[in-house]
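Next up: just one chain, as structure tokens, the form predicted on its own.
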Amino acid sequence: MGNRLKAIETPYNRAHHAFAIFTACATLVVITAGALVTSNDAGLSVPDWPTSFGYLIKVPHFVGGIRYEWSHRMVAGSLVSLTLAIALWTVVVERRRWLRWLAVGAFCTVVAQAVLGGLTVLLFQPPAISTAHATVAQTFFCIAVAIALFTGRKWVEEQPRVEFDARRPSLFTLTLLSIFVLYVQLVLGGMFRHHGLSWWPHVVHAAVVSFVLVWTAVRALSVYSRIEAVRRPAILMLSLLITQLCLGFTAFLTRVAWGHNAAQPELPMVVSTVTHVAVGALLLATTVILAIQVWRHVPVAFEERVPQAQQDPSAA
């Protein structure tokens, strides 16, 4: 059961794994650069796409928000190249068919992300498309982190410790619920940041996210703390949740309570919101990794259902 994602005699490729980690880190840089664009109201500083002021490569004068928007485009373009490289490398060297398909899916996702970014500019930042752009970015980050996990030495070579989960709801169900509520929070936050929704649904749903993630972390740590692959992401998820709540409160104070009449974004507003977005991406990716590790190490135990007539012979 624990080897459902492990192919027989899959070799560990150190260089492949290192490049997968690099791609995942580059993705976080792109997400942070995108948050800098939004936080500095620089989304339409470069009005054309896929060119920038009519050029594909020429560096424009860094005036106002152009430095943020153009830099974001350049690092995003580099990420497309990195993703193509990791996809081709995976297709060539990997024996696990499902991982080859995941790498191809990662490339398709980053292309979709680029198209959504272009539509955001061409359609003058409609909230729905801008939010989709942000959501797909974090989805791609989760995929990139998962590829880094699947190519790691521990995943490839270790014999996973398995403990069956007979509780209801199962820990795996709780991790899926955690991912779902985080995605809802991501959409609500994106709509708020792009002026398509008020702030209060995002703030209210933060309480739901906190409850579900704490429930999940407590279950994982209280019952399965002996399994390192489950314990470590559970602790990290809980730590990131606490950090994210503090950053969210700071972002609310600086942007909504104190800075709503600011003529332009001020430094505390930018720092708090950009950090909030980056930590949110880390939180979602960590929760996805926890779900994967729970699926591998803590599979759901299904009780064999015996017909009532067989349980009670006298009932016949």
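Computed from a predicted model, the values in this text were never measured in an experiment. Throughout, we count residues from 1 along the sequence that is shown.
What comes next is about the form predicted in complex with protoporphyrin IX containing FE, which is not displayed.
Engineer: Even though protoporphyrin IX containing FE is not shown here, does it sit in the predicted bound form so that 193, 203 and 276 each have a heavy atom within 4.5 Å?
Structural biologist: All of them do, each having a heavy atom within 4.5 Å of the partner.
Engineer: In the predicted bound form, does residue 189 come within 4.5 Å of protoporphyrin IX containing FE, counting heavy atoms only?
Structural biologist: It does: once protoporphyrin IX containing FE is placed as it appears in the predicted bound form, residue 189 has a heavy atom within 4.5 Å of it.
Engineer: Is residue 252 close to protoporphyrin IX containing FE in the predicted bound form, meaning a heavy atom pair under 4.5 Å apart or at it?
Structural biologist: Although protoporphyrin IX containing FE is absent here, residue 252 would touch it in the predicted bound form, with heavy atoms inside 4.5 Å.
Engineer: Considering non-hydrogen atoms and a 4.5 Å limit, does protoporphyrin IX containing FE approach residue 120 in the predicted bound form?
Structural biologist: Heavy-atom contact with protoporphyrin IX containing FE at 4.5 Å: absent for residue 120.
Engineer: Within 4.5 Å, heavy atoms only: does residue 217 come near protoporphyrin IX containing FE in the predicted bound form?
Structural biologist: Although protoporphyrin IX containing FE is absent here, residue 217 would stay clear of it in the predicted bound form, with no heavy atoms inside 4.5 Å.
Engineer: Ok, 134, 144, 110, 237: which has a heavy atom sitting within 4.5 Å of protoporphyrin IX containing FE in the predicted bound form?
Structural biologist: Contact residue from the list: 134.
Engineer: Taking protoporphyrin IX containing FE in the predicted bound form as the reference, which of 82, 149, 129, 209 has a non-hydrogen atom within 4.5 Å?
Structural biologist: Of 82, 149, 129, 209, the residue with a heavy atom within 4.5 Å of protoporphyrin IX containing FE in the predicted bound form is 209.
Engineer: Just to confirm the contact call: exactly one of 217-225, 68-76, 98-106, 193-201 touches protoporphyrin IX containing FE in the predicted bound form at a 4.5 Å heavy atom cutoff, so which is it?
Structural biologist: Selected stretch: 193-201.
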